[in-house]
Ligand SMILES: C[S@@+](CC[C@H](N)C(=O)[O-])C[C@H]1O[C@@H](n2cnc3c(N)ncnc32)[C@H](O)[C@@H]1O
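Given next, in structure tokens, is a single chain: the form predicted alone.
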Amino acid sequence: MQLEIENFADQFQYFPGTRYMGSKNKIIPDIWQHLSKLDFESVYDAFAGSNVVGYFLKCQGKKVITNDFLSFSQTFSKAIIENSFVKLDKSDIKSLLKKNKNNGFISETFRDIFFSEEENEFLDRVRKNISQLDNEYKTSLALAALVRACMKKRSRGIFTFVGERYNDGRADMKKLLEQHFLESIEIFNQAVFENGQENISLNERTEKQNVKADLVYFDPPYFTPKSDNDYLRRYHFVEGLVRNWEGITIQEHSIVKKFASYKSPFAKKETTYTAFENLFHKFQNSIIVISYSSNSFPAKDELTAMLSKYKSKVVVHEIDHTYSFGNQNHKIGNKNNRVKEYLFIGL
């Protein structure tokens, strides 16, 4: 068993990384340093985001349940956390690239916004072909690869501006979108493995979930007065891509064709406190672990006091971490950009 766990750990090198805002990819070793000392076999990653924490814990042989209210995030976790065996083969890839008649929705709606005309036509074609797949895990793998390709092709990996305003000269910017897609399929295929557990991927609102797990991990959107924590604003294009724009009303007046943000209790200071309180109450019978930053609300002492109402012992670890989103020259060397990442553990 120990040998199997070590082999699982080696698997983490295949995690399909992106430039996802707030990803814990760089500090997952620091987080694991503390989690590895805890006694748990199952974990609920309630705000999965990039899914790096959930995937890492799957690599440690844990039973992992992930959740995120963003569909594209859940697609990643379904592809490589819930999925244990299914991969895209050569015939699948051939079918994904084949020519077809489609409605040209992306080409028409997002013309001259994010990608070239040829790239938009490629997205329309592949998105329709994905809808023809008859296996949920193959569908998730293909969608996840397409999302990753779009994010890799975008400067800063986000969809808040037109064109390539922040082109930083990365090699990714010079590759064709199709090349990114094919490379991402290979990367996601490598990330698929079986860890002996029945892992689950969910796409719901965390406050409405009734999940049972030994440990719950919360990494919610950090509320800070200095910047917004609206992930949909940054990633609305790939969210719509995964959902095939079903049930979405595009805001036509918006230059980048946004759609209404999903309501989150972490969007406002006053509701953030209530949201934490409710989560602590709901999951008080589990080990509670929270990632949070020093420039956010609730403050460290406040969050410790709130958690102490439900847990007999609360320990707070500090991890030095600098937040810098992309190559933003005005932030490099900015002391205001250095924060401490807190890891709260309630036992």
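Predicted, not measured: the structure shown is a model, and the values here were computed from it. Note that residue numbering follows the sequence shown and begins at 1.
Unshown form predicted in complex with this ligand; subsequent notes refer to it.
Asker: 29, 35 and 56: each with a heavy atom within 4.5 Å of this ligand in the predicted complex?
Answerer: Judged in the predicted complex, none of 29, 35 and 56 sits within 4.5 Å of this ligand.
Asker: In the predicted complex, which of 281 to 289, 61 to 69, 312 to 320, 294 to 302 comes within 4.5 Å of this ligand (heavy atoms)?
Answerer: Looking at the other structure, the answer is 61 to 69.
Asker: With a cut-off of 4.5 Å between heavy atoms, is residue 48 one of the residues that contacts this ligand in the predicted complex?
Answerer: Result yes; residue 48 sits at the interface with this ligand in the predicted complex.
Asker: May I ask you to state whether residue 23 is within 4.5 Å of this ligand in the predicted complex, using heavy atom distances?
Answerer: Residue-level check for residue 23: yes, a contact with this ligand.
Asker: Might residue 114 be said to contact this ligand in the predicted complex, defining contact as any heavy atom within 4.5 Å?
Answerer: It does not: once this ligand is placed as it appears in the predicted complex, residue 114 has no heavy atom within 4.5 Å of it.
Asker: Is there any non-hydrogen atom of residue 92 lying within 4.5 Å of this ligand in the predicted complex?
Answerer: Result no; residue 92 lies far from this ligand in the predicted complex.
Asker: Of 178, 172, 214, 207, which one comes within 4.5 Å of this ligand in the predicted complex, counting heavy atoms only?
Answerer: Checked against the cut-off, the match is 207.
Asker: Output the sequence-ordered list of residues from 181 to 203 with at least one heavy atom within 4.5 Å of this ligand in the predicted complex.
Answerer: Counting only heavy atoms within 4.5 Å of this ligand in the predicted complex, no residue of 181 to 203 makes contact.
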